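As a starting point, one isolated chain is supplied in structure tokens, in the form predicted on its own.
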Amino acid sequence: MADMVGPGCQRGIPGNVEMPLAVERLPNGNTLIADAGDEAGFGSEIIEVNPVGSIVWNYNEGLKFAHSGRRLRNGNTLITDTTNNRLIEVTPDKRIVMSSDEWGGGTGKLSDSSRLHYPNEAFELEDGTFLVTDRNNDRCIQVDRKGHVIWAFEKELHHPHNGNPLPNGNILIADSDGNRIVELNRKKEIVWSYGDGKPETLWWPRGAIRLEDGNTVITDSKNHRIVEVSPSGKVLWKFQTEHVDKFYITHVTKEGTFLIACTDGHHQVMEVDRTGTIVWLFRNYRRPSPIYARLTNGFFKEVGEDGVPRHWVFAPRLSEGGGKLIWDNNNKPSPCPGLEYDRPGGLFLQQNITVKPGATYRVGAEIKTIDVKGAACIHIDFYDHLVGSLYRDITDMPSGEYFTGTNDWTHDSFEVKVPPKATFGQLRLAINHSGKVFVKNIMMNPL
């Protein structure tokens, strides 16, 4: 048995919030949270939590990377089931009464012959139709419950999030990969914007809310902060924690506080006031993967019944529904694992390893790639005591060479100094976009 310094827990535990992506304070004082699930893709759900932290309702049947849950006027819940590329309406007794899978005679097609592709947010409008940000189609659309497209903005957006309807009829959209917030009128004209496309101003903004005084609260996700800007673009207020908090969305309560979903920042939902004081917090995270005392099964000689190397985790949570673990059975003296991927996003094979803060380690491996159009590499993420990543973005993490195209077996190595606040490291084989990558003889040794 491999030495462990910390065991994991069962995957898919109902109510265990691993990656909160959306949050809403309900009229009854409870909080609705959309949870994307754990690293291996288990446990996505929508939960309703009362003020003392008790879970009073949840829905988790068949969800994959659910991005949002919004309580409708009729008491049902509207869910963007993102990796399943669908929008569903669920009753309090958990019956699906509307599904976009049924549009187009059961084909899932909208009236314009398209299909939803990575829908990440949906709001109900006053007339009962829905405003949906359809991310991988680079658009924001208004649809009815039968899939008829009433309005669409399909230009100038780059992977948008959180199309938010405004009282004046305009729509506020987080143009995430455009690094800006835009306000559109119904003529599809941009009447206001904030962000110049530079990460220093906004970096992957996930949402924006217009306040009654005309200011805009923006969730500046990869800059791990919340900012309030005036109509002229002046920053009036901001909230940022000492640790990395990839804030995902912000909801303004009737009391004027800010309810924030934090994904990589400690797996929690927090409510803060304008002084930055946390006035409410929900966190019940339990880490699903063990932490090993040292790198274990780096030569991949042990394989589990599920076909995954023992002590390693196949992590498709961010893969947008694609990718698989593969094996090179022709490798000698023993087969070695790899990843095959076919779309944007990220796919990983990873292991948690205990580390000593301030120590330096050498990481080495042999890597082979086939037709990689994005990048494949070995990298390592470090986490603090509350299992929050210490890096703002995956590109900031220590790594070896970024491999593209086709490469025969290549030895790759790099040195990494462990950050002071790190409690463990997560060593990963990673690939994005498309292609195949294989790995063997991984080592991680202190210097």
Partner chain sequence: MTFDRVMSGKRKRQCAKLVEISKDTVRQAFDKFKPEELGITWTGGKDSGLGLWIIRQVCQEKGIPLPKAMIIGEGDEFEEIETFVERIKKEWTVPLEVCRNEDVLKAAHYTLNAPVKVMDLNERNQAELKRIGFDGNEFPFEAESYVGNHLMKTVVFNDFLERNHIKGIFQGLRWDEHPARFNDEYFELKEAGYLVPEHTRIRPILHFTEKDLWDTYAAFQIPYCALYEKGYRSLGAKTTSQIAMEGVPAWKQDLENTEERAGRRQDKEKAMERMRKLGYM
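It should be emphasised that the depicted structure is a prediction, and the values quoted were computed from it without experimental measurement. Numbering follows the first chain given and starts at 1.
The protein also exists as the form predicted in complex with the partner chain; that form is not presented, and the subsequent description refers to it.
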*Are all three of 19, 222 and 345 close to the partner chain in the predicted complex, meaning a heavy atom of each within 4.5 Å?*
yes
*Tell me, which of 290, 108, 335, 364 has a heavy atom within 4.5 angstroms of the partner chain in the predicted complex?*
364
*Hey, in the predicted complex, is residue 237 touching the partner chain, heavy atoms inside 4.5 Å?*
no
*With the partner left out of view, is residue 422 within 4.5 angstroms of the partner chain in the predicted complex by any non-hydrogen atom?*
no
*Just to confirm, residue 416 within 4.5 Å of the partner chain in the predicted complex by heavy atoms?*
yes
*Indicate whether the partner chain has at least one heavy atom within 4.5 Å of a heavy atom of residue 177 in the predicted complex.*
yes
*asked:* Within 4.5 Å, heavy atoms only, one stretch in 54 to 62, 385 to 393, 40 to 48, 26 to 34 touches the partner chain in the predicted complex. Which?
replied: 385 to 393
*Those residues of 93 to 126 which, in the predicted complex, come within 4.5 Å of the partner chain by heavy atom*: 118, 120
